[in-house]
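Okay, here we've got a single chain as structure tokens, the form predicted alone, with questions on binding and movement later.
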Amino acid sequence: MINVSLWNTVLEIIKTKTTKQAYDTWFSIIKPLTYDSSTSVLTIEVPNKFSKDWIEKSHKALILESIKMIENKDVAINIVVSETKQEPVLLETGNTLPAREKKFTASTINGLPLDPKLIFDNFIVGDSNRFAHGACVAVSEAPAKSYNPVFIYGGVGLGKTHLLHAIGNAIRNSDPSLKIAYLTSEQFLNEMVAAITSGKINDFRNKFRYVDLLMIDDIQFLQGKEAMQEEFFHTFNVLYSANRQILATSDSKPQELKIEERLKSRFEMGLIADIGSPSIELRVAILKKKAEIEKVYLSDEICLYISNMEQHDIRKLGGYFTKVIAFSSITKAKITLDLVKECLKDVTPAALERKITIEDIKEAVVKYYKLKPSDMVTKKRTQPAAFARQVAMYLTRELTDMSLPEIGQNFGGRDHSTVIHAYDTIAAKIQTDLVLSQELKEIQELAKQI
């Protein structure tokens, strides 16, 4: 076994030789396992392969240097991946890209301004976002040298935008000469249309094809916009071939986006990281951090109460926190549990909300269209049963957290591609079919009552 005091001393030395951001991201997650004094081999454990690769590549020398200061001899390190953690899927490129040909001297932010408050130091890390956070820190430390492109996906309000701003702020602070472009895909479209209308499409292309870092938020807005996809595809190629960093966020993984296959393949050749729903511990930690920033005191009991009001959307959780702080300030009352309950009395706690299940949806569809339960799983493709199944699959994907394979399995063992086809079919129809759109709302309400 390793001497605990030895490792703690090593960490204290490392703290003095690196930033708090780097320490919290890479060194605090290390678990020392064994130290064989006869062979001078230290074995340490990390949560996943991504952490292992990055520590070996960028921080191994610092660990060795710190140990040598204590042991006064060279030590070898063996890094192993924890078997208790599920390893994230990592897709990375294998080509060495051209070196940077020029430096930009203008400290420019194209597109939207970066929020200086959104930095890595106030991004709370938990199991649901650790991989995505680590990938973004790696990019900020070495743009276009570690992983490129980077694609982050997850639900609304989970911190994707925060991470983009944090990357931009970190890179701007470390090298102000680099040119950064941050915008939403909607803004990308608006600027492209304006450029085409005014005959200045070359100005538009120069604006986004000659940057060091391009960050596009909500890339799913590209869906159904062929001209925009074409323009972005060429912008992507120009930047990638020039070894410039590209990042994108979305509410879905690339494979699930309804965009051109060649654009999907561009995203899939880089690193893909997801952000899941935060655990209760992470939600409490986020509230504690917000309270610390606002210099107010929230007891554990209050933090737990507010955290149970929302289980998925961190942004919404922040809204509840802000409401409580404002309520306390206006009434000049101390923040107590009773005050919090009074302030949030109109909010239905997420923990008390009944979640709609796939069985609720199937039963509601069967009742609404006057079919038999077996019609949801039969292999027959006759109408109206086939259409009803498509509706049920669409609603299941919209209203539950089930994966595509899980949905297919619950509809007679169908393939995930069948689920995607069903979803896309209904999604396309409701864009123009107001009757169907109303039917879906009525089925959803019926499912809530079952």
Ligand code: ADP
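Each residue number is its position in the shown sequence, starting from 1. Because the structure is a prediction, the values reported are computed rather than measured.
Just so you know, the form predicted together with this ligand exists too; it's not on screen, but the next bit is about it.
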Problem set entry | Contact check for Val137, Pro143 and Arg172 against this ligand in the predicted complex, heavy atom at 4.5 Å | no
Problem set entry | is_contact(Pro254, this ligand) in the predicted complex, heavy atom dist at most 4.5 Å | no
For this session: May I ask you to check whether Ile314 falls inside a 4.5 Å heavy atom distance of this ligand in the predicted complex?
Result: yes
For this session: Answer with yes or no whether Asn78 is in contact with this ligand in the predicted complex, where contact means some heavy atom within 4.5 Å.
Result: no
Exercise. Contact between Val150 and this ligand in the predicted complex at 4.5 Å, heavy atoms?
Worked result: no
For this session: Heavy atom within 4.5 Å of this ligand in the predicted complex: which of Leu178, Ile335, Leu118, Val366 fits that? Just give me the one.
Result: Leu118
Problem set entry | Among the candidates Val377, Val156, Leu371, Ile196, the residue which, in the predicted complex, approaches this ligand to within 4.5 Å (heavy atoms) | Val156
Problem set entry | Stretch in contact in the predicted complex with this ligand, which is absent here, among 184 to 192, 235 to 243, 297 to 305, 119 to 127 (heavy atoms within 4.5 Å) | 119 to 127
For this session: May I ask you to list the residues of 269 to 296 that have any heavy atom within 4.5 angstroms of this ligand in the predicted complex, in sequence order?
Result: Ile286, Lys290
